[in-house]
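Here you get one chain, nothing else, as structure tokens; it is the form predicted on its own.
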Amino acid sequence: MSKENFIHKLFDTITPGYDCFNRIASMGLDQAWRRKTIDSLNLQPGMRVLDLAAGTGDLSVESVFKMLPLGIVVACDLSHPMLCSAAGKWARHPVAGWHLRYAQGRAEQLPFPENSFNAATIGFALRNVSDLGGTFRELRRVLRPGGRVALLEFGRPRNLLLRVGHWLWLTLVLPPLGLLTTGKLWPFLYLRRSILGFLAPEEVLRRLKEAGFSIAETRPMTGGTVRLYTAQRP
């Protein structure tokens, strides 16, 4: 099975318990991480924003709130059940429903023309794409000149004590918690493996620059367990 098909199956499988798992696993911090991600973009009313690998739309809605009273956010995801969950979750929201659009698509071949968006986000999905460099090139293509990306991803603490605690959390807590909230274990064994095996921050920045982005930067959050990458299309 290809990585793309594997990831597609994974997120189709865990959709019903996805939000519950996120809240408990992050100890409620995931929404604060998302707000900081959107804050880094300096969004203005009337902009168009792409939320790639949008999941159930939490990061998309943070963008909406930053652009009121105008602005459009396109939530794009590989998983149709995730998009359906997002649409059902936000359709009746008195604000978000008016500003959200949905599209199913691959990160490596986005279904949008060039220069479509002022900004783009990805939340916790850099580990999941089949071609990271190709994904970054596609983001650059669909962004307008001067457009910014904000990429939220899990990291690995550099402090030894935090690193040990992080490993124990990923190994002893996350898989059982995933089983409890979604009824599935294998997606969370993959989650642990993908976090521990992901690229070093310096390598992510290098690939952003190779894809044509400038001012590529990263900063750790929550002791380095999460990282925010930002970059700009020249």
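Numbers follow the displayed sequence, beginning with 1. Owing to the predicted nature of the structure, the values given are computational and were not obtained by experimental measurement.
Quick note: we don't show the form predicted together with a small molecule, though the next part is all about it.
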Checklist outcome for this item: Contact with the small molecule in the predicted complex, heavy atom within 4.5 Å, among G134, G71, G105, P157 goes to G105
Next on the checklist: Is F213 near the small molecule? Define near as a heavy atom within 4.5 Å, in the predicted complex.
Outcome noted: no
Next on the checklist: Given that the small molecule is not shown alongside this chain, does C84 nevertheless sit within 4.5 Å of it in the predicted complex, heavy atom to heavy atom?
Outcome noted: no
Item to check | F124, heavy atom within 4.5 angstroms of the small molecule in the predicted complex | outcome: yes
Checklist entry - Though only this chain appears here, would H166 touch the small molecule in the predicted complex if you measure heavy atom gaps against 4.5 Å? => result no
Checklist entry - Thinking of F112, A120 and G147 as one candidate spot, does the small molecule come within 4.5 Å of a heavy atom in every one of them in the predicted complex? => result no
Item to check | One stretch from 125 to 133, 138 to 146, 91 to 99, 157 to 165 that, in the predicted complex, holds residues within 4.5 Å of the small molecule by heavy atom | outcome: 125 to 133
